[in-house]
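First comes one chain, alone, set out as structure tokens in the form predicted on its own.
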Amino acid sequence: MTGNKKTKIIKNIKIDINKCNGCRACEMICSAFHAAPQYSGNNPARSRIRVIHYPLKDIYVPVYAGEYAEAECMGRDKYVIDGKEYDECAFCRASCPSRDLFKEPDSGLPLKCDMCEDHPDKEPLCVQWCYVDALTYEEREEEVDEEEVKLEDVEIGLESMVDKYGLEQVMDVVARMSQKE
């Protein structure tokens, strides 16, 4: 840490489960936007947002992908909603070793919501395509400590990904990412 402070824009998608009707338009546009080439296909397994359905109460919960977790969490808290018990994993945004949610179907690499930063519009596409306003986009400024990015940290991260997924899969994902530019 350098000790310097900088202002950072924090981007967030606010979810109102009382408005979600389970149409899954958010999943469809996200998977189409992240297809290679863009909009060439539609595979909800590539979507960075998933709509989880609880049929007993007819509740739909959109969850978008967060950071990758190298190990499954130790907490297995239980939540009771309208008399039905859910474990913590049901609402978790992380891709982790204990479940397949938010993993690229071909390579198994973790997916993370990028807020559609490659798209020219300010709002993520899932928010734009949510016609019932269950998803809303928020930005706020926050002061954070400025971190130095060290080349050795990048190398360590790449080495661990190659160890876990193999050089060919990592190179394939990097090649697909570079085609977007």
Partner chain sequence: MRYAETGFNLEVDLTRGNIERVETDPRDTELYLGGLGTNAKILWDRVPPEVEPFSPDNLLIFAAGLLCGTPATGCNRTIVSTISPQTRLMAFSMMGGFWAPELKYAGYDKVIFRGKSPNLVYLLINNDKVEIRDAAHLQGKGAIETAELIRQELNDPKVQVAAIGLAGENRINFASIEQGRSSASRGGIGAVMGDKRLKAIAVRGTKDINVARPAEFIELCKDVLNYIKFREENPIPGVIPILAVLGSPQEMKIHDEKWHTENFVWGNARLRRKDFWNDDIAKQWYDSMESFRKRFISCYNCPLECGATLAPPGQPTYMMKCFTKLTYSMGAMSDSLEFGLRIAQRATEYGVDGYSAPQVMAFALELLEAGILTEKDFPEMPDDNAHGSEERFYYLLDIIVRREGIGDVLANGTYWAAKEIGNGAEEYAHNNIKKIEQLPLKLGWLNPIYFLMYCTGAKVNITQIEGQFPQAPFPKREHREKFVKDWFQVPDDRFKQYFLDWEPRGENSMPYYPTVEMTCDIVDWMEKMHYIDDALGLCAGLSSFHLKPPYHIHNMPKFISAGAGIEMDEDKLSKAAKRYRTLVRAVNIRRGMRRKDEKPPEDHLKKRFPELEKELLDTYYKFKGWNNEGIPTKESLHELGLDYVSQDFIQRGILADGEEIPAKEALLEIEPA
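Positions refer to the first chain, counted from 1. Predicted model only: the values in this text are computed from it and were never measured.
Below, we refer to the form predicted together with the partner chain, which is not included among the displayed structures.
Peer 1: Looking at the partner chain in the predicted complex, is some heavy atom of each of Gly108, Gly166 and Ala175 within 4.5 Å of it?
Peer 2: Looking in the predicted complex, the three residues Gly108, Gly166 and Ala175 all stay beyond 4.5 Å of the partner chain (heavy atoms).
Peer 1: Give a yes or no for Asn12: in the predicted complex, does one of its heavy atoms lie within 4.5 Å of a heavy atom belonging to the partner chain?
Peer 2: Result no; Asn12 lies far from the partner chain in the predicted complex.
Peer 1: Hey, in the predicted complex, is Pro44 touching the partner chain, heavy atoms inside 4.5 Å?
Peer 2: Heavy-atom contact with the partner chain at 4.5 Å: present for Pro44.
Peer 1: Whether Asp77 contacts the partner chain in the predicted complex should be assessed with a 4.5 Å heavy atom distance threshold; does it?
Peer 2: No, Asp77 stays farther than 4.5 Å from the partner chain in the predicted complex.
Peer 1: Does any part of Ala94 reach within 4.5 Å of the partner chain in the predicted complex? Heavy atoms only, please.
Peer 2: The answer is no: Ala94 has no heavy atom within 4.5 Å of the partner chain.
Peer 1: At 4.5 Å, heavy atom to heavy atom, what parts of 101-134 sit next to the partner chain in the predicted complex? List them in sequence order, or say none.
Peer 2: Result: Leu101, Pro105, Trp129, Tyr131, Val132.
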